[in-house]
Structures are given as C-alpha cells and as structure tokens.
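Read the single chain below, which is given as structure tokens and is the form predicted alone.
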Amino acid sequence: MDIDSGATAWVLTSSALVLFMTPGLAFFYGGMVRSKNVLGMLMQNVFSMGVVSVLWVAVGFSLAFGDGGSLIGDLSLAGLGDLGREGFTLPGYVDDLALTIPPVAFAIFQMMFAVITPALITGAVADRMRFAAYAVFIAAWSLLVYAPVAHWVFSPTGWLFALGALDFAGGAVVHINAGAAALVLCLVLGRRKGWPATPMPPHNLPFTVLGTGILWFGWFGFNAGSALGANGLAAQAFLNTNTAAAAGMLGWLVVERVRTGHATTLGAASGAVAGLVAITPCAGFVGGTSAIAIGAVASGLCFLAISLKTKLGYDDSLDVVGVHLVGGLVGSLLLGVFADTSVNSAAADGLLFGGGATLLGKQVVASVVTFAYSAVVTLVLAKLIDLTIGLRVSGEDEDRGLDVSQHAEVAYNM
C-alpha cells in the first residue's frame, strides 16, 4: 500500500470537521426547542459522540467494513487491532479501490459518520423521549441499523455497492437511514402535549443560525473528505457542497416568501441544510450547474413536505423527516439524473448525461431498501424499549422539561 501523506492529512482534517458537525447539530436543534428542553437536546447529541465512538472501535467498524459477506461484516476487525499492521488491506479495497491512506485513518473518518447519523434522529423526538431510553436506542441502532446499511452501500463487499448504487457521502446511509428511523420513532412516541394547538416556537434562533454555520463548515469535511484524497475530486465535491447549500437557502426563501409572505431566519437555516443533505450522495458525481438544480429542487420539496406534517398528524418536532428523509431521497434519486462520468469515471452516467434510466433504477432500489430496513428495525427496537424501560417521559416530566426531569439542570438561571 502506497500511503499519500497529503491525502492522509486531508482525511484526518475532514474527520475533525465531521465530528464538529455533531455539536453544530446540537446547537441547530437546541435553538429550535423550548428553553426548558435545550440541555436535553444538547445532551442527546453530545452523548452520541461518546457511546457511538466506543462502539465503533469495539465492533461497529468491523460490522460495517469486515469481510462477512454482502449483508454485513464480521468481527475480524473488532477493536481495530489489525488496522495498524504493516501491509494490512481492508476487505474489497484493492486494485482501483485501493486506499492511499492508512486503514486507521479510514476507520476514524467513517467513525464520525457513524456518530452524527443517529444524532440526526433526536430532532424528531424532541421534548418527550426519556434519556435512558435514548441511550439504549442509539447504542442498539448504531449496531443493528447503521452498521449493516453502511456495509451494503459503502463497503466494496456490500450488495448495494456491487449492484452499482451510488452514494458519495451518505444520502442513503446517513439521511434516508436516519430519516426513516425518525419517522417511526416519532409515531411510536406520539405527539408532544398540546401539539399542534399550542404554539411551540424556537426559543433561540441565534443558536440555530450558529448551528447552521457549523454544519455548513463541517459538511466540507463530510463531502469533500469522502474523496479520500487531496485531489480534484475533493475540490469538485467541496464546490458542489457550497453551491447546493446556497441554492437550497435561496430556493427555500423564495418558496417561503410566496407561501407565507415572509422570508425567515429559520427558513434560511432550514433551506441551507436541505441543500446540504441533498448534495451529500451526489457531491463527487456531478458537476457544472447540477448542484444548483439539486439544492433548489430539494429545498422546495422539503418545504412542502414539512407543511404536510400537521395534515398527516405526525409530530416530527424539528422537521427531521421533512429535511433529512425527503432531502436524502431527493438527492439519491436526482443522482440518477445528474451523475456525470466526466466528473468521476468510477460513477455511471445519469438520465441527462446519456446513461438512460439504469442508474436511476439502482438509486430507487437503494433508497427503498434502506428506508424499509431502517423503519422495520427501528419499530422493533422502539417497541422493545417501550415495553421494558419505557420510551416516553411522564406527563409531569414533559411539563417540567427534559433539562430538569432528565438531567437536574437548567440552561438559563434567570
């Protein structure tokens, strides 16, 4: 294995950027909840950095990238002991797929994806999930849902990878996966007390804007780092990431202005994140103005999806389903339209670049399978936890807020 020091430095830097996204997500969500629940939200996100990191080193990476077959890895890489051995090669990463970074660096980079994915779910269940239940759920979900899906899509030995479905940085593995779990979990938990009749506005929009900035910044590591090298593909992914975020923000504000008569700060933040979500699977496979189209289309569709939740009666507190599930689906499917082999020869051409509908069909398969698997396993986990230790806080604790009832703390002492 020929190690490229520049590529290694970039991937390690990107790993730090992706880890920084999780506290950014905590602020993004934390500003959107009521003041009595802000520490509860911050804690749920930060906790993911602890528990998932330990599980990833222990068994998660091995399940995702071990050589167990097409459905899941094995335990041969548990503890990551072999990764530092001279001459060690990860299963499937040979020939054109050979890594130019140390396997340990690759494991670190992938760890940060594993950390933030279950943290995304917290926005859907805000204000009403017991911390103990969340702790058990996130540990089990990371091993039983995230690791297998990561193996299918990201590992060269996974069946969706072999099928030819594309996912540059996690449209299916991260966003569809977490979005499906968020939808199921908020349905099992039920509505917040008083929703939708009682207004529950964000308590601190500056927190949300700060979180948006951190997420946008960290997303360059998320997407451009997925090139696994300091090269032209990383630069293209970086450019696409910024372009789609900008187009997503502008698209959301236009739709919001037309629909409600106002362009809001929350709308600007939500639109940027919708654009970032949608470009994630596409970042290293598209070029030109495709990122503008992907960001703008996704933001409009995400806005419309959020407007349907009250009509459909599900309480997705902070719009995880509307932004991450819908945005992930839109991005994954639009990749089948805009993929361009002149940008990345390892891809396949999409519908608009002479490839026909073949890639689009594979993207549909990957999206549907990921959604279905995540939804079913999440439902089983949620029901088991609810039957044993209980999933939802009591009505009294919900009234008091999660900060006091779950953590015996208050965010603001006024």
Partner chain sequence: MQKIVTAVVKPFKLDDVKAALQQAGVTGMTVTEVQGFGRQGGHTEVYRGAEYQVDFQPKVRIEVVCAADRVDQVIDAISQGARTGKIGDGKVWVTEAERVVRIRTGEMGDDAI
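Nothing here was measured: the structure is a model prediction, and the numbers come from that model. Residue numbers count along the first chain shown, from 1.
One more form of this protein exists, namely the form predicted together with the partner chain; it is left out here, but the text below deals with it.
In the predicted bound form, at least one heavy atom of residue 28 sits within 4.5 Å of the partner chain. Residue 41 falls outside the set of residues with a heavy atom inside 4.5 Å of the partner chain in the predicted bound form. Among heavy atoms of residue 79, none comes within 4.5 Å of the partner chain in the predicted bound form. The partner chain in the predicted bound form comes within 4.5 Å of a heavy atom belonging to residue 202. With the partner removed from view, the residue among 303, 146, 285, 222 that has a non-hydrogen atom within 4.5 Å of the partner chain in the predicted bound form turns out to be 303. A heavy atom within 4.5 Å of the partner chain in the predicted bound form is found for one listed residue only; from 264, 100, 231, 341, this is 264. Heavy atoms within 4.5 Å of the partner chain in the predicted bound form map, among the stretches 292 to 300, 82 to 90, 194 to 202, 160 to 168, onto 194 to 202 alone. In the predicted bound form, no residue of the candidate spot (45, 56 and 114) has a heavy atom lying within 4.5 Å of the partner chain.
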